[in-house]
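Next up: the same protein chain in two forms, each one alone, written as structure tokens (structure 1, then structure 2).
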Structure 1
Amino acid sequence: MSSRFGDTDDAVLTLLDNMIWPILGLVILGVLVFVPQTLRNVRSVQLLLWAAVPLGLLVLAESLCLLSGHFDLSIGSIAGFSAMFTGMLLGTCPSCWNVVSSPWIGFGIILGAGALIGLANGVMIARVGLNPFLQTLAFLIIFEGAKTAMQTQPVTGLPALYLDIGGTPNFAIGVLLVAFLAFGLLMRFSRFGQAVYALGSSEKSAREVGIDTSRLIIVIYTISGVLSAIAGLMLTGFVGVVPPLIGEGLVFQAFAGAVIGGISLFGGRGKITGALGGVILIQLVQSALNNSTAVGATEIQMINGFVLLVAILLYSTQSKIRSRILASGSV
């Protein structure tokens, strides 16, 4: 008898862990009924996913930090700064520096810039002991300001290959999917992934089982910086230039994507694949609202907020159900 209940509870727990997918399924159904033109053909899906690539990479970066029990407010400004800095080096516009012409060197620079900023974040938090909120808030402000200090005009004249990475829909979507797949596998099957979950659950316990938590935090923030820089590269390719406000305002959407995807704000719980579902959900809802003649342009932001609120309520309920099942001791 208890075994039968245990199986049911297992199934419920599994469902709770993957709740984003049935939600996404329901939303897709709703979109097909009420705003069917949003998903009228394969191209619709391609355009939707293409637009989701930069945000998706930032959600991935944020998810990694959240799973470790930390967070990163500077991801959007890292994306923007590294894209602007590299753009200034590569661009041929009159106000650009134009000191590098090879797109390959450009790739190296943008990834290096992101990695360095992420590394600095990690060192300041893990070694110096700064609060992650304050540290990443400071970097958000610094690098957003540094971007504007460098340039307030769109950076043009970038090499074609440099733009092709984010400007070729299928390739960009491929990058996003590969990144999520790689990190999904890494988090599930590698010692690194398990260490991140352990750190997010309890830093003290993680330290006691022999995890070098300081080093791990530095690695996590460095990866977060690199992923943010790739998001900047993708955004540059998507737009075709480096716009002066690149990357701004994306951090809150990245948090929303991660939370909607089931990543716990308190660390240690959630699946990377769920975060991908969160990104797709955000983009799908946004696209459907834009396509709907029933929803005015002035109402879209409010409805987006409601979607986020519903997601938070669902996860709050999920958390209570989980606690109840686990407290019952049947699993």
Structure 2
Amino acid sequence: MSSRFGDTDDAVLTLLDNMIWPILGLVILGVLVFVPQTLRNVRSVQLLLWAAVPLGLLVLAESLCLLSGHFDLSIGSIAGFSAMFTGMLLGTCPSCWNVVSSPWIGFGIILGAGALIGLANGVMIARVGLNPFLQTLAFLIIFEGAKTAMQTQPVTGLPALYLDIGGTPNFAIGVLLVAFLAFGLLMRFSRFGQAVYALGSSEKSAREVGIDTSRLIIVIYTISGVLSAIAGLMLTGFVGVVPPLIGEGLVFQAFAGAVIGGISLFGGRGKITGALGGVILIQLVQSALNNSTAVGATEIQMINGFVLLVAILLYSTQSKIRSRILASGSV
């Protein structure tokens, strides 16, 4: 009898760990019934996935930080600042600096900018001892302000190759899928992935088994910064220019995508594949809202807030059920 209960609890825990997929299935059915034009053909699905690429890379960056027991509020501003700074160097608009013409140098600059900001985040948190919330909030404000100080108009005249990376739908979608596949394998099978989970479960225990937690935190934030910069590059290619509001507000959607995908807010638990499901769900809801005639453009931000609230409620319910099952001792 106890074995049967144990099997049932195992099944419930597995369902909880993969809750995103049945939810995504239900949302797809709802969209097909109420806003069918969102998924009317292959081209529509391709556009949806293409639009999800920048958000997906930010969700990946946030998921990595969350799994380690930390978080990063500055990912959207890193994406925006890196894209704007590089755009000003490459662009030929009247107010652009136009000091670099090679798109390859542009790739290096945008990735380097993201890496340096992420590195600074990691050093301030791991070595100086600043609270991750305060540190990344400060960088969010600083780099949002720096972006606006550089330019308040769209940056145009960027090299074609620089735009092609994010502007070619199949290539951009491929980058997103390869990134999730690579990090999924890395987190599951590598020592780095196991160290991140160990750090997220207990920093003290991780340190006691020989993990250099300070260095690991710095590496995690540096990777987060690079992924954020790639998101900025993809967003630039998707739009075709660097808009002045690039990257703003994306951090909240990234949090929602990671949490809906099953990444624990307290670290140490969650799957990268689940986070990918969260990305698709968030973008599907966004596209359905944009296509719906019942929802005005001014109401979309409010509904996005409700989506984040639902994500938090789902996470809370999931955690309570998991704790109750584990406390029963049947698994």
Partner chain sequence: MVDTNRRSFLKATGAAVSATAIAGCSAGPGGGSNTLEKVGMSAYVRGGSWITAYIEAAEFYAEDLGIELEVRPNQQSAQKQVQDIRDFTNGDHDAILVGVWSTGAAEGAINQAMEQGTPVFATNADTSSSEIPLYVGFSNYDGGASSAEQMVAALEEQYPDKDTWRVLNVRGVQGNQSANQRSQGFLDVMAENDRVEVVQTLNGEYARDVAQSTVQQWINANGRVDGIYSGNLSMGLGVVQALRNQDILVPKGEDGHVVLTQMDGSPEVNPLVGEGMIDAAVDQPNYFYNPIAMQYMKQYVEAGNDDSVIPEVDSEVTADDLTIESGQHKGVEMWSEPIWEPGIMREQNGHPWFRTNSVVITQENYDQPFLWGNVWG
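Counting starts at 1 with the first residue of structure 1 and goes up one by one along its sequence. Note that this is a predicted model, so its numbers are computed, not measured. Throughout, rigid core stands for the largest set of C-alpha atoms superposing within 1.5 Å between the two forms.
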Quick one, which of these two is the form predicted in complex with its partner chain? 1
Do you see a C-alpha shift of 2 Å or more at residue 48 between structure 1 and structure 2, with the core held fixed? no
How about residue 266 - superposed on the rigid core, does its CA move between structure 1 and structure 2 by 2 Å or more? no
Determine, after fitting the two forms on their core, whether residue 280 shows a C-alpha shift of 2 Å or more between structure 1 and structure 2. no
Value in Å for the CA shift of residue 306 between structure 1 and structure 2, taken after the core is superposed: 4.6
